[in-house]
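Same protein, same chain, two forms; see structure 1 and structure 2 below, as structure tokens.
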Structure 1
């Protein structure tokens, strides 16, 4: 199987049903060796169930899970070449840190001397040397997290599965652990499959992201692709902040043209393939791609969209200033402008032009 062996993990048309509920709905994925792959979605999107099927804790109702080209079939977790970092760490409370980390090697009958050596290597890697004899309840959340990581990595699995491993940590520690995890992954070169509902976390850490909702994978791509070229309304809405303008489709072939409810014509770089001329849709634009200008100035031409509005709210955020602009008869737009631009800052109540390039605009079927 020359082709299959190139993927660390492959899901082929996997379905998981719990009674009448379809938790995972025809998911196919290929994850390359050494990749940091994120499964991103809201709770109930099927991301954890997908991970559990790779680990062997759930068996697919339909379809197949392959690890390094080998179909896993009904193999139980203890026969799969993967290890898991659980959401609540699941450290054994009746064992010391060293015993916890050694558990996997011990189960596989690795000689005692080698176990001792590798445990101390692992403790070095996660910077917990000297903690051998402590018990899990004597550790902080971040330390428990690192023990859980060491306990999984010591087995040198082909793939490491991580189920919201940072979910229980406070924000500051989480940011630090994100960078640490990423560094460790690059150091050991093991494929990571990382489940999270935090889009910022996924974008920070992953090489590729699969966005899931209602059991389906909606889009797979690099963080940049997923952020800049969302394929569905859900992805555009779930990842980052987005302005949605209600519009009517005028032309679906490039250049895409739409019309706002008050009759302003706008142009976009892409429209969802299922859209037809005349139907209602939404135009999505990121707040940082929109610019404010004083009336009578700013870029013009076929590549640019312009609407008039009134500043309703000004919020200073340090790095940038966020404006809420009311567009008559339409909606409110959120605009993010870096501090220190030549136009200076705008005041509440000021009339402005909101402009954004065609390349920054995408048109989706509206979902409610």
Structure 2
């Protein structure tokens, strides 16, 4: 976590109310220079409102926004060292690609020769050299997105704000543009703050992610941290696929001990700090951390959890196989195993052992 003196953007206890609705609820963040930072959450989580307050399109009800240590106060967007790329791109339809990219420099009175040079640099950066004379309607969605990005970057902002800029693209193009955006950000070295509801998009591109829900920041961390070490039920459920096994807490000190409804004792590496002995909870385990074995085989010992079940469904996905396993008296568990494992494949209706390491399990309050 960067300290205040090195933060490109800092939010200090920011609140935004629209009438009686609290859209952003006491959010504090520090974003480092050159960082690709994602605000991730479902619709209504407050992520876009947070971005708009950084850009000056909305003003905080409480708290303050600082850019490179300078409070922004009531400054409008054009007085802040930021630029924004929106989902609809907002290109001028009557202008050529070159004219769209150059627009901001022309408004500032930059000499024509410098404008030509910088437009050429931007076209090279976004791989659109040769498209100078085309108009937006002659471009694909991905090409329009690149023009919008070049128009924003040519002004050399300290921070680039991106509000779900890939949302209008089809899935294949969106995945390709994720990699392009990440490469461009690394090349130019500008701080990117990226809003998305797509957890895979955030994990693919961002150096760090702030997961938001109902106006609050629930967790900030690297993609690996928020995926492998979720701090709340919501984060565990929202980021990737997760199995939730109903349990009762038996011991909260490490190793955490729980008991299933059928009396099987299991252990976990971590539990929510608010949990107490005797309360109902859920054990969360990622499908790829679970393994299937035939009865009488598989790892045993205190570091491993084992339950018996029957395979209900088998789905071949190419690189892996997804199994749905019904654990008697409990629930269905989803297991993801790579194709070609030494145990071979399993069939629908087969009795199996589901095993997972203690280190892969985390326990959360069931009322979450």
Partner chain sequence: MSATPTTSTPSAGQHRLRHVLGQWLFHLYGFAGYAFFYLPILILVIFSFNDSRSVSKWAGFTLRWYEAMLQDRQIMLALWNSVFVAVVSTAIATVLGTLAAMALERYRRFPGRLIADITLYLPIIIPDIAMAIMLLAFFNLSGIGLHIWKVHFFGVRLAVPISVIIGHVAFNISFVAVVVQARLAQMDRTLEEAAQDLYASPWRTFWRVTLPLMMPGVLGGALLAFTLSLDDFVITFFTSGAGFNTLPVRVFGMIRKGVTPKINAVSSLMLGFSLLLVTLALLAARGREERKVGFF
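Residue numbers count along the first chain shown, from 1. Think of the rigid core as the biggest set of C-alphas that the two forms share within 1.5 Å after superposition. Everything quoted here is computed from the prediction, not taken from an experiment.
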{"item": "Matching structure (the form predicted on its own), either 1 or 2", "value": "2"}
{"item": "C-alpha of residue 94 off by 2 Å or more between structures 1 and 2 on rigid core", "value": "yes"}
